[in-house]
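Presented below, as C-alpha cells, is a lone chain in the form predicted alone.
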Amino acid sequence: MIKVRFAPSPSGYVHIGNIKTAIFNWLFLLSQKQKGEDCVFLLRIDDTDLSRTKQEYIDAVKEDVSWFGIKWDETFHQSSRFNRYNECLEKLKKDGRVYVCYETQEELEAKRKRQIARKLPPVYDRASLNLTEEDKKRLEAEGRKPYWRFKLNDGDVVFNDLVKGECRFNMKHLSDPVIIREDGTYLYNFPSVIDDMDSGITHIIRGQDHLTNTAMQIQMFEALGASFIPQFAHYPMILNAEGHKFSKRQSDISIRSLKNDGIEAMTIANVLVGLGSANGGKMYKSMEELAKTFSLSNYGSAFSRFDMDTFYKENGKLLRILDFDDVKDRLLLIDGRIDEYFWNMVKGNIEKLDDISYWVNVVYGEIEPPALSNEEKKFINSIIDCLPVDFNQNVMKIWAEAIFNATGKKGRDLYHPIRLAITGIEFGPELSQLLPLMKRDKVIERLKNIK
C-alpha cells in the first residue's frame, strides 16, 4: 500500500507553497491509483505549537484542501499525541541520543559568529555534553530553561531521492537539531518522524528546502527502530519575483485570497505543477487528467521564480477548456438564464467566471453607453433602419449586407462601431452569435443611446 501525507501547521492561512505540497502528494497518489495501486492520503494537523494554532486556520486548511478536490482517508492532530512523543523521547534519553542544553540564543549566535570568523562551519559544538549534574543544577538555579537536541551520528547519510537522485550528507557538517524548545514544545522534526513511522507513511513528498531535515530524520527513524524508512521526493522550491520564499505572512498569496479573487483551483494546480516541469504550460481541467501526465521525474533541481500575476493571466486559459457541465451549477447561481449556448459563446472572452455577468447584462440587462466619435455616431444612426425584423441565426449576415449596400462600409469599419454600440466594449463574442439572443427592441435602444 502507498501512503502519503499532507501535514500543514495551522499557524496561518494556507499559501501557495503549502498547497503545492498537498497537490503534489495528491497527484502522486492519483497517478498510482491509475496504475492499480492501493493508496491512502493522510491529512495531519501539525499543531504542536499550541500558542500559534487557531481553530480558524484548522478550518481553513480543510476547506482549502477540499476546494482542490483532495480527499483524505485519515486525519489526526499532533496535539493529541504528546504522550507518544514523550514515550519516544524517554527511549532516546536512555539510548544517549538526546541531550539537554542551556545556552541562550545570544550565546549560540556568538558561537556561530566566532566559527564563521575562523572560517569554520557554524555547527553546534556539543559543549552541553560536558555538563555535569552540578553544572545543570547551577544553570537552572540561574533561571535558565533547558532545551533538548538530538545527537547525530558521524558519517554520511545517503538516500535516493525520487526527484534529485542520490543525495549524500556528511553529518559532521550539521548541527544536532533542537527537538524541544525551552518552553517544552516539540519542534517539527521529531514528532513528524514518530507520526510518519506510526502511520506507515511510504512516501514523503515536499519542497527541497527540507533536504537537510531529511538527512537528520533518517537518523531519527533509525534511532527509534522504524521497520522501514519512507521514500523521499524533494521538488524544486518556488520563489517570488524578488527571489524570496513565499510566507504565510504574505496574505496576498493565500489560497483564500486567490479564491476570493475568482481564481480557479485548477488554474492554481496547473500553474504550480507546471513550474520547473518538462510538461509545463499545458492546462488540464481536472486533477484526474493532470495526474495522467504527472511524474516526479519531470522535475529538476532548479528553483522556479514566480509572479503571482501568472494565476490571473492563466485563469482565462482554463475557462476556455471547460465545458458547460463543468461549471453549470456555479453559472446558474450567477444567472439562471445561462445555458450551454451562452457559455460556449462567451467563455473565450472572460478571465474569471464572474465576468460572465457582464455578458448577461449585454443580452438581458443594461450597459453603460459607450462614447463614440462623431463619424461613428453618424454611421450608427444611418444603419438603424437596416436592422432586420427577424432575429434568427443569420441576422448579422443579413444586416451587414444591408449596411454595405447602404453605406459601402465593410470589415472593421462596419463591425467595430456596431460592437461598441451594442456591447459597450471593443471585444467579445461574435456578433453573429450574440444578436440572436437579444431582442430587436434592445438592439435599437442601444444604437439610439450612444453618446
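Numbering starts at 1 and follows the sequence shown. Remember, predicted model here, so these are calculated numbers, not experimental data.
There is another form of the same protein, the form predicted in complex with a small molecule; it is not shown, and what comes next is about it.
Chemist: To test your reading of this chain, name the stretch in 203 to 211, 149 to 157, 375 to 383, 307 to 315 whose heavy atoms come within 4.5 Å of the small molecule in the predicted bound form.
Modeler: Result for this chain: 203 to 211.
Chemist: With the small molecule left out of view, which of 219, 192, 267, 128 would have a heavy atom within 4.5 Å of it in the predicted bound form?
Modeler: Contact check passes for 192.
Chemist: Please identify the residue among 72, 188, 324, 303 with any heavy atom within 4.5 Å of the small molecule in the predicted bound form.
Modeler: Exactly one listed residue reaches within 4.5 Å, namely 188.
Chemist: Taking a heavy atom within 4.5 Å as contact, would all three of 161, 164 and 298 count as contacting the small molecule in the predicted bound form?
Modeler: No: none of 161, 164 and 298 comes within 4.5 Å of the small molecule in the predicted bound form.
Chemist: Just checking whether residue 432 would be counted as a contact of the small molecule in the predicted bound form - the rule being heavy atoms within 4.5 angstroms.
Modeler: Flag for residue 432 set to no.
Chemist: Residue 46 near the small molecule in the predicted bound form, any heavy atom under 4.5 Å?
Modeler: Flag for residue 46 set to yes.
Chemist: Considering only heavy atoms, tell me if residue 7 and the small molecule come within 4.5 Å of each other in the predicted bound form.
Modeler: Yes, residue 7 is a contact residue.
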